[in-house]
Structures are given as C-alpha cells and as structure tokens.
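Quick heads-up: the structure tokens below are two forms of one chain, split into structure 1 and structure 2.
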Structure 1
C-alpha cells in the first residue's frame, strides 16, 4: 500500500489567490497592521509637513521682504528724483546786496508813467515776494558824489518766477526840478539795459493767510502795491470781500484801467470804485469812473456797509494824511490801518509822546547839529521826521529810499543824543545809528550828516 503522506506543520502555508493575480506582487504590510507603528509614522509625516510648511512660509516671507525692499528702494529713488527736480525748479531765495537785472520790456501805462519788466541777468528763477513790497535800485550818475538809491513798489503780484514788474511815474518837485532817478527811468532806461536791484523787501504787504475782508485804497501811482495785492487775491481765488478804491484826476491819469477791470471780472468778490477829481468832458460816469470826487473817508462811509475791514492805503502824503486820520476818527483801530506814503513826505500821524516828555513848544527849542555840514538848527516839531527836517533845510548828505524804514538808505550815525521812532524799522539799525525817515529827536542831537 502506498504509504500515507503526513502533513508537515512547519511547512510554509500556501497562499491562495485568484488566477489573475501574481502572488509575488502582494507584499506583506506588517507596518500598517501595528497601531503603534501607525501612530509613529503619522508623527513623522506631521513633523515633515510642519517643517515643509515653515520652510514655505519662510521662503514666502523672504520673497515678500525682498520685494518690499526693492519697492522701498525704488520709492526712495523716486523721492530723491522728485526732490532734485523740485530743487532745480524751485525759485532762489532772496539775495543779499545788489543783483543784475535786464529790462526786458518798457510799457507806457499813462502820461509820464512807465512799467518796467525786469528779468534776472543770470537767467535764474526769482523768489516770490509779498504783495505790497518794493524793489530797491541803485544808480551811479557822473555828476553825483555818491550813488542814488530809490525804492519802487512791485506792481505785478508774486505770480511769475521769471520776472518782476515795477511802475514808475516821473517825479517833479514843488520847485519844478525833476527827480533824478524817476526821470532817468522815464527818459534814459530802455529795453536791454541792466540795472542793479536789491531783493524785495518792506513791511507793508497783504497777509494772504488772513481771511478778513479788505479795503484797498490808492491815489495816483500809489495804485502799484494795491494792484499787486488785487492780482494775488484774484489768482488764488481768495473768497474774502474786497473793495478797491482808486483816485486820479481823469482818464489821462487812469493807469492800469483795463487790467483792473479784468481782475474784477476774474474775482466777483472785488467791488471797484474809481474816483476822478477833475474829469474831462468826454469822461463818462459809469464808464470811465464811478465817483466825481476824491477818495475820502466820507465816500468810504457811503459805500462800505461798516468800518469793520482791514485797510491798505498808498498814495501821496496829503492824500494819506486825510485818509489815515479820518479812519482813526471813524473808530477804525490803528492795527487795521496799514499804509505807505509815496513822495517826499511820510504820513505825519501824530506820534505818541511818552509821559514826562516836553510839549511841542519846548521841543522847538531843541537844537539839531549836522556835524559834517556844520549847520546847527532848531528843531521844528511840525515836521514828520529827521529826514524831512534835513531836506527842508538844504542838507542832502542823508540818503533816501523807501521813506518807511525798510531799505536802510537813510541810516545816519548819532554822535550825541537819542531819537524816538514813529514807525517800525525793517531792520533794526546798530546801536549809535538811526533811520532818519522814521524817527524824531528826543532832546538835543548831533548827527554825522
């Protein structure tokens, strides 16, 4: 009998599969069959995932920081470029001393009155100025022992940085003698000439930062600073209420007529009042002028709804005297009345006399000695200032420019004595000197003049 085959228990078990499956492809999975091993593998996966996430975040952060740095550098470069462009386009700051200017245009505004358009000889841009300020000119004439200095208001507003404009009227003194510099401008200065000019200066100007309503009052050539103020107000579309009064004799003296009317059209807040004191037969009321009269405080009272305005005035001495004193009498505070006189005399508003000062009768006994000319004179208390007093007595050794304490031309050394100021100096003179155009003697004096 064939022997009986015994089962071998140690024999490897046979794996039964379907007919289409190769048993060698079925790998055992002991790792995933143990729960402990499953947890360990998940932790490793999570750790690698966390590391990968952190790496990715760091990479993105690095890329962002790099991009931001590039943008910041680009922005900084653009800012520097813009600053350089602004620096190139920005106007110059005001200069010291005299600067050369070319007369680019000369325009006759009316009889004996001319506007001069001045451009810097070096072609550089000009600094702005405050509307109402003036330029100071110096001329050296062959027959004059020293240069003549004169100041003329800017009449074009601080709108252009390529030119300045001054408007000058031929001046004739009471004795019929011509003013040296104004007549030189009228007769000799022509387009293409070069003149010496100081930077704009002066404390009489419109405060463009304020919003109070203003009254601009001018007579004759005194219109020039008012025109600069009106042009700036129109250019900036200033919303404040503006009254513009201008007085002259007739249409022959009516300078800047078309220009002022155009400004009124641009600025509906400006009310224009033209006064002719001696109109021609052909001068029509309502067309050429509004009032057949001088500019007076009575007229202001008729036109203005109240006295609550800031007043800016400029004109000849007598014109200014009546208006300034009249405004004070109307109750307008002195701080609201700003003025500048044209011509050989300042506005002789009564100076404040400190307590204990001598009265006018005793002041007339004060002796003023002009050391260089050898004259000893008794002070006249009705005269506005030391400069006027000197000129009235034939003393010509004191220069004159703005006559308002701004240009410093009238500075004179005091050898003995003291002065009291009736106006505010533009630049305080050094100790031992005074500005003759805005001061009076405070007792006996000796001047180096």
Structure 2
C-alpha cells in the first residue's frame, strides 16, 4: 500500500512558506493612517479602559464585602461556639464557700511572677466565668491567728471547663518586707499541692455580647484580667475594634509577651501597644516594645482615632489615678471607664461620692456602736472606711481580706442604721449586712462586731 494512504490528514503539518503570505497584509493598514479614526479608536480604548477600571473596582468592593461578611459570619459562628461551650458548662454551677483545687502546673511568666493552673480536686467540670473576674483563696498559716484571704484575677479566658489559671506576682510591702500570700505562692506552692478556692466573682468584666469597640489598658500584674478579656475576644474572633495597651519597665517585667502576640494573630482586629518605661539597652524598640514611655492619656490621644471607646483599666495606684482622671478630662463619660484596683491603695481612685454625703462636721457627730465588743465611738470622717475605723480602735471582730470589696471577709451584720458604699462590692452582701472595707456610715449605726 502506498505510504501516502497511511497518513492521517489531521496530523499532517502545514508547512508555511513565503508563498502562503499575502504581501498586502505586510503593508500598513490605511485605518492607522487616518487621524480622525486614531482619535476615535483612542476614545473607544479610553472608554473601555474606564469601564474596565470601574468593573475592577466594583469587583474588588464586592470581594471585600464578601470577605467582610465571611469574617462577620465566622465571628458569629465563634460567638455561638462560645455560647454553646458555656451552655454545656452551665450545669456546673458556682459553688458556695471554699472548694479544693489541685495545682496542676506552675509556670514562671517573668521575674517574680508565676501562673498556676488549677484543676478541681473532685475532677468535676468547672462553671464558666466572665473575663475579668477573680478567684478568692484562703490560707491557714500556722503562725497566723486568722486565715489569710486574697483575691487573684483569672488570667485565662473562660474557654476551658477543666482548669482555671491565676497569675501571681510577688508583692513587696512599703517597708520592704515580703507580702505573705503572694510570696508563699512564689516560694512554697508547687505542682500537686491543694489550695482552697472560692467561686469566680467580681463585677469588673467584659460584656462579650456587646460589640462596642474596646480599649484594654494594663500596667504590670494588672494585665491579668485584661488577658482574660483579650483571650475571649481572640477566641471568638470578635469583630469589634480592640486596642490593647500594656505598660511595664522592660523585657524582664514583660509577662505574656508571646501569648499576647499569638492572640493578636488570632484576631487581627486587636492592635497592640507595648510601653517600656525603662528599657534595657538590648530591648529593641519596634520588636520588644512600641513606645518608650508609660501608658498615658497623651499616648492614648496619639494612638486612638477618637475617645469614643469603652475603657477597661487595671494597674498600680498612680497609673490608675492618672489614667482614670485623664480619660474623664478627655471627655470620656464615666460609664465608659471601668477599672479594678488590686488593693486598698487604689480604692480611693473610685470616683464615686455617696449621694447626699454629710459634711465632715456632721459626720464627726455620728456614733458607731460595736455591739459585741461593747464599744460606742464617734465616727472619724478622715478614716477611709468602717474596717479601718474598727481596726484603728482596737476592734478585732471584723476580718480583713482583699480590702477592696472583693473577698467578702469583712462582711458584718448591721443591727441598726445604714451605710454608703465608696466602692463596688464583688458580690452584693445579703440584706442587713455590709462589706466594712468599702463602706462608710450614713448616720448613727449599730454593728454586730
């Protein structure tokens, strides 16, 4: 058979030679030599260009909007996830009194600061808590006549129902001596130990259901409640605008550095501003910290687009004093400034003045009767609260704990009369009782003390 017939015609390559080319097509087209047509074609090209740009912008807008909707949906999904988590945990209600917890892990976060992971000794699930709340611990030391009661904020978000975490910094008293409980935690408490803990409480917490933009501001160990708030915001991928300011001296004090960076990665809405007041030479600006200063209202004014945020603050006394008053001066309404003090030194920053507070002269005429002790004394209006007044007069029947309305140790029954609160109680005492550490008398009183 001739080989020609075996060829598949579709596969036969077409060999182009100069003979296939029409020489006319190599000449310039007469269209491009007419200026009117060139202008016309240019106009059409411009029009197409404009339409293409508009289309591209619309497509980008659409892509952006869909991305945003996806993020919002994801955030909603995360919120539902969190609510489900809470709902699952709901059957485990908070307990009354003290419950035994095992120290499952002890981790050094930075110099003199340790985190303690606590699991319930009975192995049962834990109730959820609100980010910002604290636990109350009781220690019975052989050399102390009374148990020592201290509060420590939960530094984790309320994500886990198997453990709680608190983070404790060694406290040094004004005279240089070590604080009893914080140093006991740092030096003595070890993994496997058992501690007595009251259920989470406190009114300083972030409302996770709200979508108002927030500014979390903390100094030193005051980071603990803010960290719990930031963790919940990150975990739920909360779409609201979040600013996180943290101030410390330098990298030696910079606790939770990696953890906070991880949270920011989880929730890009969170903008981090780390301030070092006294950086080491090796502390790199822009890497370890963003601002070489304290956290001040001037810095907030530089960084925040406006003052219209909800502010949460926790830190040392002077830090809170200047920031809280600075925010008020900046025009932030008092209802938008929420803060917590870690001890009596900062309680005075509470801007609350009791309504209709009697003047100093009439207050000094108020008689306080301590019924159990059998003492009748004239109230001293220069004293901060009923607990200090009792202690100053040798009355030892009122216990003291946190001294900021948190732990409930100083609860005392009122037999007659009324009090005015100068601070926010962690848990409302029952009718007919008061928390002596954050109360002043409102007229003559008889106390069961």
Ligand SMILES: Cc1cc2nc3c(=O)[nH]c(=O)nc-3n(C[C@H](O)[C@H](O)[C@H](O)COP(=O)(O)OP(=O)(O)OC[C@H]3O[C@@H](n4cnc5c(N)ncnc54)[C@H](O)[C@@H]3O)c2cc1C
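Under this definition, the rigid core comprises the largest set of C-alpha atoms superposing within 1.5 Å between the forms. Positions refer to the first chain, counted from 1. Nothing here was measured: the structure is a model prediction, and the numbers come from that model.
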property	result
Selected structure - criterion: the form predicted together with the ligand	2
Rigid core superposed: residue 261 CA moves 2 Å or more between the two structures	no
Core-superposed C-alpha of residue 376 shifting 2 Å or more between the two structures	yes
Core-referenced Cα shift (Å), residue 402, between the two structures	4.0
Once the two forms are fitted on their core, CA shift of residue 50 between the two structures in Å	76.6
Between the two structures, how far the Cα of residue 385 shifts once the core is aligned, in Å	4.5
